[in-house]
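The chain below stands alone and is given as structure tokens, in the form predicted on its own.
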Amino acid sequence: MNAVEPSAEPSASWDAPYDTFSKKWNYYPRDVIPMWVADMDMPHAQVIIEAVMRRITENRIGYPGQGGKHLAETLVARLSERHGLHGLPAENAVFMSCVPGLHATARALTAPGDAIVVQTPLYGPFLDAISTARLQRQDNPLVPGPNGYEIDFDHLETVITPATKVLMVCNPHNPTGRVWRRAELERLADVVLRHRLWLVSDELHNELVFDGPYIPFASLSTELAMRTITLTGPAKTFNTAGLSTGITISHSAALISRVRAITHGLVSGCPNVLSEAAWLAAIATPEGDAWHQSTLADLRANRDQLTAFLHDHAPRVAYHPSEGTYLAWLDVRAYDWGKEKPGDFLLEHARVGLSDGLGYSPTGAGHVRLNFATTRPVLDEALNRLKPFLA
């Protein structure tokens, strides 16, 4: 392999934000820079911390009285005012984080022997939700285009069979960072309506968009909205994954009833009271909005730093700057070490922990996913470690 062994010692300017409670920073040995799991290293919004502490100190951590009604109403209003998703009934909601939401909707909308279509490469829990429900998975691989990955609509038509009942999408897309444009969403909507499919749309990264706008799938038409279940939450935008909450919501009461039936006794359907306090503080206060805008600017700057680095020092890496999320999808198949499990190679030799592309379907072979939601010194140190192998 034509690789240069870098120094195992970190630079003097690098200081690991290690803590004993962080999965991200405890997964690998201490000398490895972790850029894998989708967790930010940025400080949390002070307004969120204060809201959670206030809920505890005021002794309000018993059973919630309204079952998240105020939170659902606040979120529905935000989706309407900011993103054009109108007419969403707040009562048509089940509170659970997005991964359980994927599993629940896969089961709720299908029967044994049915199939679900996905656009790969794709966040692993989508694939797991289909396999654990013992359903057929029909892959429609994304194809590289001049401005990023694109949906292969011609191939999509060949994938769908009479067994197909659900189309699952991710917007913004994890791992490629695409934010689907209106024309693309409208073509997908046409497929859903012509084939009478249900649509499950994971929109967890909806407020981490650099090049947009983000358009909720269910906002395209009333008919489509009644066939759509949307999943979202605060975990990525506000860096609260450890509080584990999200929402599964639809214009259709009938679809949500099916989800409630599947999850009965397994999830409460109400938000954790500390999660509720955090999410409300994040989306209903000027301080939460200010933190969001500042953090988004930092993430954009990191994305641009990564893009400039790859342009200047790694011309053989195929990469399109992420339009949303804080994840970069790097095609390293041009390197001898990059054709099979490049994540393992870079972990061993560069001491940088990335997500290997095979976790996102077979089409991810020869790729790695890099999380750039960290401090600039950490990002710079990671790029310096990768540089000898990407030159």
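Please read these numbers as outputs of a predicted model, since none were measured by experiment. Start at 1 with the first residue shown and count on from there.
The same protein also exists as the form predicted in complex with a small molecule; that form is not shown, yet it is the one meant from here on.
- [ ] Let me know the one among R227, K236, R303, R178 whose heavy atoms come within 4.5 Å of the small molecule in the predicted bound form, would you?
- [x] Partner contact (heavy atom, 4.5 Å) among the options: K236.
Task: Answer option from N174, S275, Q119, S250, heavy atom within 4.5 Å of the small molecule in the predicted bound form - done: Partner contact (heavy atom, 4.5 Å) among the options: N174.
TODO: State yes or no: in the predicted bound form, is some non-hydrogen atom of V99 no more than 4.5 angstroms from a non-hydrogen atom of the small molecule?
DONE: Yes, V99 lies within 4.5 Å of the small molecule in the predicted bound form.
Open item on the list: I'd like to know whether Y123 contacts the small molecule in the predicted bound form, with contact meaning heavy atoms within 4.5 angstroms.
Closed with: Y123: contacts the small molecule in the predicted bound form.
Open item on the list: Although the partner isn't part of this model, could you tell me whether A38 comes within 4.5 Å of the small molecule in the predicted bound form, counting any heavy atom of the residue?
Closed with: Heavy-atom contact with the small molecule at 4.5 Å: present for A38.
Task: the small molecule contact in the predicted bound form: A129, any heavy atom under 4.5 Å - done: Judged by the heavy-atom cut-off of 4.5 Å, A129 is well away from the small molecule in the predicted bound form.
- [ ] With the small molecule left out here, work out from 286-294, 266-274, 110-118, 166-174 which stretch has heavy atoms within 4.5 Å of it in the predicted bound form.
- [x] This holds for exactly one stretch, 166-174.
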